[in-house]
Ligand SMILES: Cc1cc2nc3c(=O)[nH]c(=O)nc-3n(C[C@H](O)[C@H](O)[C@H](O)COP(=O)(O)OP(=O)(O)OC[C@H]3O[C@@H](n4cnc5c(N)ncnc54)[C@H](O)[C@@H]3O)c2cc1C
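What follows is a single chain, given as structure tokens, in the form predicted on its own.
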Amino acid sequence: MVATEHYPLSELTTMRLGGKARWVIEISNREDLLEALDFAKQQNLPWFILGDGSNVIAGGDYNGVIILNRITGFEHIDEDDSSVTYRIGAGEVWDHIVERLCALELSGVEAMSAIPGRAGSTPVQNVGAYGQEIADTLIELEAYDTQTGTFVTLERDDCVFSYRNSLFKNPETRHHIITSITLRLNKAWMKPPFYSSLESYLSKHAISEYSPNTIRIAVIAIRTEKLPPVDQIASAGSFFKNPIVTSDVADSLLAHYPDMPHWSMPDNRVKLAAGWLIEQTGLKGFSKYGMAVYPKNALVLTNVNATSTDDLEKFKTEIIAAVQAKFAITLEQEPENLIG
């Protein structure tokens, strides 16, 4: 195990902000994880598990231990007439896993192509895109329970999945470190109707064959058009959660904005499009404090030349206030804050 001191957080997060981490340790197996946690305990410091930092906003310095999860693994576990099951190391690059599964013509994660990050991060906020989410495919995961000091297996229902949330994101229950995920993929391919933007792309390009790789290629094309490449433009992807409101609130808004995108959900709720709400305030392309609303997608905030997380906070606050003033809806940040 190698511990590096005073490591720039801007090099560990895709928004490229933040001060320095007191210590950074990269792990490649379960034994490394236990050593890293023991190191943090000996130093009397907090710790934080980090993948690629694509859904984390770093504040100032982090006076703790950043543990970079790089545990690998791609293991065929089971197969029947309709499905194939794989166990995947939490430190695997997520899109590489999607690519491999699509090449095997297995369905279940193809719509989540080109999402940055590591496999172990996907259950944390129940990652999803274009009609699929990890909760649909995950059957169990292995994690280290820091309360009991043991490795445990959690089944899907144990993870308490909801929209962009889970057991692992809730501050009151987040005491597990994910080391592997087990996914059950379908041999049967996706069928229409698809998520609206995916449906539009397939129709526009006269695509009627829906193999996992075909859907993957379509999703990558859509995301490339709408989202900045994080290796070239500093951002954290979608910065705000799509708000979920009651059907009464949605009906009231639709009376004034009949073309407002919306999706029905269980329990008399409706999901709205945060990007559309921001765009209606006239802030698409807006820039200030060294930050900008991405011109191609109002849901994305980019770091043009901001010097601190304070710049991002001020910028975010103005956007939230504008949407609140126009729609009486309060947007919530999607990326997690790393505060030390």
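No experiment lies behind these values; they were computed from the predicted model shown. Position 1 is the first residue in the sequence shown; the rest follow in order.
Same protein, other form: the form predicted in complex with the named molecule, not shown, and the subject of what follows.
Asker: Given that the named molecule is left out here, which of Val109, Ile88, Ala236, Ala218 has a heavy atom within 4.5 Å of it in the model of the complex?
Answerer: It is Ala236 that has a heavy atom within 4.5 Å of the partner.
Asker: Give me the residue from Leu185, Leu198, Val245, Leu227 that has a heavy atom within 4.5 Å of the named molecule in the model of the complex.
Answerer: None of the others qualify; the residue that does is Leu227.
Asker: Should Gly120 be classed as touching the named molecule in the model of the complex when contacts are defined as heavy atoms within 4.5 Å?
Answerer: Looking in the model of the complex, residue contacts with the named molecule include Gly120, since a heavy atom lies within 4.5 Å.
Asker: According to a 4.5 angstroms non-hydrogen atom cut-off, is Gln125 in contact with the named molecule in the model of the complex?
Answerer: Taking the distances in the model of the complex, the answer for Gln125 is yes, it comes within 4.5 Å of the named molecule.
Asker: Do Asp52 and the named molecule share at least one heavy atom pair within 4.5 Å in the model of the complex?
Answerer: The answer is yes: Asp52 has a heavy atom within 4.5 Å of the named molecule.
Asker: Is the gap between Arg223 and the named molecule in the model of the complex 4.5 Å or less for some heavy atom pair?
Answerer: Contact check for Arg223: yes, within 4.5 Å of the named molecule in the model of the complex.
Asker: The named molecule is absent from this chain, but in the model of the complex, do Ala58, Lys241 and Glu313 each have a non-hydrogen atom within 4.5 Å of it?
Answerer: Negative, none of the three is within 4.5 Å.
Asker: Taking 4.5 angstroms as the heavy atom distance cut-off, pick the stretch from 281 to 289, 304 to 312, 42 to 50, 268 to 276 that is near the named molecule in the model of the complex.
Answerer: Of the options given, it is 42 to 50.
Asker: Does any residue in 167 to 205 get within 4.5 Å of the named molecule in the model of the complex, counting heavy atoms only, and if so which ones?
Answerer: Sequence-ordered list: Arg174, His176, Ile177, Ile178.
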